[in-house]
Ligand SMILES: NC(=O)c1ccc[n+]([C@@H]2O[C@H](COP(=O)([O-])OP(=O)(O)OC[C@H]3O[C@@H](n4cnc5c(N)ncnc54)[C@H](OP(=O)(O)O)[C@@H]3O)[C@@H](O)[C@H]2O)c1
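Quick setup: one chain, the form predicted alone, written in structure tokens, and binding and motion questions come after.
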């Protein structure tokens, strides 16, 4: 794994915190409380995006980081709406920097693969920003492995590289294990993995029946997330994780976070929450002792995704 660091040389923390809720479900007071709790837990990597909460996320994070800036690693993302011109990418980044009140961000992601612009043009634009001192590390979010490696080839012709990717990864979303995480291990790329709690599914709050609260939330209100986590086996796995957590006297969110971090490629799970009490179990996962036996027990709750090749017999 590549070793990123802050401006003062502090190594990037093993976990990250995503501020998607800042300025939305989390008001400024709740955001500050969670920010400080992350600092207390040793987390120095904070993630936001131009898109989040119409800019409030970047604005609030910008205020919070001021006293600590040199020891933090700050990431943001541009390009989610797939513009068809490079000026829009530049303009979005300038707006993000203004919101953050920073001339420079540590990590800048392309938020998703954009078929409207060539990857060569997009990486050239990011590399130019890096040359100007506005960006330290180049990054890609929601890219397939082949797209990452194509971007990497372009970056290397310019004397730079893709240092970070941001894939979805959790116990119920393991596709990254097929190509993305092995690619990161082989190519020295950090995988900052989002949604380690499966958008709340792995916290146990959606359990139904006599032993479950059956709460409403994103998975019940948002059709996109309902579809993403709507398969029965996912809910069965979440129930199994809850039972393991009960056996161990801990919270399923703690286990979910620790499990995601324990993959051999050493991804950096991005924690997130809307309030401090909701965040606490995830923060407990930062130092949770995930033994190899427990890792195997949890892993067995969900199917291992098939390999990238049809030559299955070579992977037995």
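Residue numbers count along the first chain shown, from 1. Every value quoted in this text rests on a predicted model; they were computed, and no experiment measured them.
If you look for the form predicted in complex with the ligand, you will not find it shown, but the lines that follow are about it.
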Inset, instruction - Could you work out which of 142, 160, 175, 147 is the residue within 4.5 angstroms of the ligand in the predicted complex, going by heavy atoms? - result: 142
Legend entry - Residue (of 206, 242, 93, 137) lying close to the ligand in the predicted complex, criterion heavy atoms within 4.5 Å: 206
Inset, instruction - Go through 128-136, 232-240, 83-91, 192-200 and give me the stretch that gets within 4.5 Å of the ligand in the predicted complex, heavy atoms only. - result: 192-200
Legend entry - Partner proximity in the predicted complex: residue 71 to the ligand, non-hydrogen atom cutoff 4.5 Å: no
Inset, instruction - Please check if residue 111 has a heavy atom lying within 4.5 Å of any heavy atom of the ligand in the predicted complex. - result: yes
Legend entry - Partner proximity in the predicted complex: residue 270 to the ligand, non-hydrogen atom cutoff 4.5 Å: yes
Legend entry - Exercise: residue 18 in contact with the ligand in the predicted complex, heavy atom 4.5 Å: yes
Inset, instruction - Decide yes or no: are 14, 50 and 79 jointly within 4.5 Å of the ligand in the predicted complex, with each residue judged by its heavy atoms? - result: no
